[in-house]
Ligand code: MEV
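Read the single chain below, which is given as structure tokens and is the form predicted on its own.
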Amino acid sequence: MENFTSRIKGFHNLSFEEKLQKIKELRGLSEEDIETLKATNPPYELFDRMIENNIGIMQIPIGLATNFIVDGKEVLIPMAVEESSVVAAASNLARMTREHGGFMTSNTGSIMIGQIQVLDLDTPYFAAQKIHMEKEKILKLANDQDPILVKFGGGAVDIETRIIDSAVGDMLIVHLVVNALDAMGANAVNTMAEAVAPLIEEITGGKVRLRILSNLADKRVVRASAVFDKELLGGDDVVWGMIEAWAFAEADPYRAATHNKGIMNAISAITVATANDWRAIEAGAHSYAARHGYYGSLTKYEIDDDGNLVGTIELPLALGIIGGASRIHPTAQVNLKIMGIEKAQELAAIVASVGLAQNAAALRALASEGIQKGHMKLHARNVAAQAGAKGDEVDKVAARMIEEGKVRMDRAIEVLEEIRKS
């Protein structure tokens, strides 16, 4: 199943059934997998176990991003998102990296941090030293809480201490450093932090209040890079325009917020598609963007000797493929199968790569035709449907609005009436 290409010409022109048949053939999906993707009647019993007071489900379409090569491997990438142009934009920019080898990634492992807040200390620095002296005892107690994680090579591996000045005075913060392996790690880390809290009180003589995971997973950082072909982008002027657009985001937090939001359009879409905690990923990414005391871009861009655009992205990605909703949600399992994921770090590599592609797509649009032109082509179909268009009426109404440059609800209604009268 690995001998395939993610370069599927005309995929967007296939019917829904044809798309499913194509992905079934390419990724070796079963008939049950296909039925899961087609399901319109969700298993309500499953969602009753996932949340309380379940009354239904909010469905989000899943699009397939094509053209991606990540670390030398062709990948097809399911993205759950309602916003027009996200999947198309990422796929288009991925195409522009293919002759340069696609996306290359690296990571710092699957390390998570559990924070234990220690208060009411007269000598916080001395208390921190005592924590380090009892490090092995603390780590053993933490690892006793999850022998399965330890068995597979994970678990608590280190202790860090910080003294911070707060509105209620100095406090000692103990970081329990945990290798979560292929899990996101929240449950394991929180359980460990709560278990060692009484021991830390005993060692320090202080009072422990909070014991909880940090979503600023700066020990679980993923980096991705790619060379975007100059000619495919549109030439030297477009490349330089993209550099100028990125520099704006790097220098100004007002622009950086929207710049990074575009990155998260793609990242959150895959996170949702795999039933990971997209809120944690969003929080970690934005806090990482502000780690130097100012809020800046998660990406960097340069121009190589051949005039091509070279992009890099760096951010924390606490993603898991075992445990939690990822393990029990049938659609998430099918989506992981489509991507060929066997390790959490493989998923993180793909997510970072798509985030970079999405960002490059936005910069290219801003530096050339403007962000609205491509977006509105896809948005026009949504407006047409909202106006009541059915079947081939949708494309006809959308085409007329795009031609006129008037993608609005009132115009969609007028055009629909004209088409029906004729």
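Computed from a prediction, not measured in an experiment: that's the story for all the values here. From 1 onward, residues are counted along the sequence shown.
Absent from the display: the form predicted together with (R)-mevalonate. The rest refers to it.
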How about L366: is it within 4.5 Å of (R)-mevalonate in the predicted bound form, going by heavy atoms?
yes
Any of the heavy atoms of D236 lying within 4.5 Å of (R)-mevalonate in the predicted bound form?
no
May I ask you to state whether T258 is within 4.5 Å of (R)-mevalonate in the predicted bound form, using heavy atom distances?
yes
E250 within 4.5 Å of (R)-mevalonate in the predicted bound form, heavy atoms:
no
Given 259-267, 202-210, 106-114, 228-236, the stretch touching (R)-mevalonate in the predicted bound form at heavy atoms within 4.5 Å is 259-267
Listed residue that, although (R)-mevalonate is not shown, lies within 4.5 Å of it in the predicted bound form (heavy atoms), from A65, V70, A362, A384:
A362
Here the chain is shown alone; which of E244, D158, E83, D144 has a heavy atom within 4.5 Å of (R)-mevalonate in the predicted bound form?
E83
